[in-house]
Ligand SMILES: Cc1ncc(COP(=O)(O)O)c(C=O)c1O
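The form predicted alone is given below as one chain in structure tokens.
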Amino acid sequence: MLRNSLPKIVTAVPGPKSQELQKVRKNNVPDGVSMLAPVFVEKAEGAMVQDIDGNIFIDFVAGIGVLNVGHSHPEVVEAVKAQCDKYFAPNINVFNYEQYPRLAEKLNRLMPIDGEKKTLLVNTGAEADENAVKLARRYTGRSEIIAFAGAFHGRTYMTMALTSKVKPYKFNFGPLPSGVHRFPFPYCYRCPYGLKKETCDLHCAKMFEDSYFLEYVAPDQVAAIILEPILGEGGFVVPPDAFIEALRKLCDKYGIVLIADEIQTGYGRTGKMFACEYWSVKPDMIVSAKSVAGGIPIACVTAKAAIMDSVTAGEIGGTYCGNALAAASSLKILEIMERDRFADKAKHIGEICMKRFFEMEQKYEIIGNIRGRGAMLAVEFVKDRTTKEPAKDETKAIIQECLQNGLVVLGAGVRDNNIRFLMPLVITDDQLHAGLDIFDKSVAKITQK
């Protein structure tokens, strides 16, 4: 059974059947749609993927955080099949159906936001971020948004403006929407101010009032500050707790909406249902997507009721938003996550991985930094630990070496020198160690060249 198998490579990667389909893709699909593994999937279960040539891979990417419950979870498959027999998407703007308000009700209970909450369902993470900006601007009557260096919020025009990395996401796509301002993220390993975490006295947070609000944007123009509780595409950087506390005080002082983008961090990934539960303070709005429906497109904007009630009928929503098929999948997934304590699974995975990573750090000088929470982890590679020069080419080579040996991992970071780990939370210990063994050997092989 694939679900309990280990990696097995029986052909070159990609194999002959995948190579044939690559020709079809090349001739018919834009090159702008990126591709990590040049293989075509035959079936996938749990943390394992089998391609059409019979090769079996361990998936340490999980659809970039979409598959926290794993590929083809049998209970989710049954829930979706049952809904298929009834209806797909009557359109919530036309007919009512139970799944939409039931899912909103569930999310309102789970989200760590103070007071009464309401939830809007949309289709994608980018669309959710767009609506978060829209709601914050309407609620506050202000126009400006602050996002962070290293942030990734999407590829639509508004979210390209919010996203930090230029290539490949923003290059030559301008002009982008106005009203977005960039603030340095507290990336302590690469402090943008050149300071040491132990002695910086939270300089980054003080910069808001000491200079940023004087030189770049006035605080009474700012509708919202949006940040990921842990940077995603930016390299899985975890901000200091004290920075988030200072940010909350700043938002309260100036009436700014604090938005937590939990699109990649949410739904058990970090060892909490939502990563902002690690904070000692709470956001005003949470945006989530990815693993909430296990691969069926849906995204959620949950906010204080006063923010949601600032818009009137027809001003938010859309044709496919909160369709019944995706909502049925989400309801089943949330039931499974709570029942089977998926956040604890993430902690267990994280403990095993961090132990192995720190052991590797002792062996390989190329490992500069290890970070993350739960099963959302990153290893940053450098040519020299003193200068921290990014080892971009070596990182790419390690990813490819892993692939050739049956492990799929993904890069991250604006310098392209991180590997992120997002394995499905249903992965077995044997599969986890098998994947880590491949990673270890791949680092060894590339660094010995």
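One-based numbering along the sequence shown. Quantities reported herein were computed from a predicted structural model and do not represent experimental measurements.
FYI, the form predicted in complex with the ligand isn't displayed, but the following is about it.
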{"property": "Residue (of I263, A346, V379, A136) lying close to the ligand in the model of the complex, criterion heavy atoms within 4.5 Å", "result": "I263"}
{"property": "Candidate from N369, T124, S164, Q83 lying within 4.5 Å of the ligand in the model of the complex - any heavy atom", "result": "T124"}
{"property": "Candidate stretches 152 to 160, 100 to 108, 69 to 77, 214 to 222 - the one whose heavy atoms come within 4.5 Å of the ligand in the model of the complex", "result": "152 to 160"}
{"property": "Residue contact check: D284 to the ligand in the model of the complex, 4.5 Å heavy atom", "result": "no"}
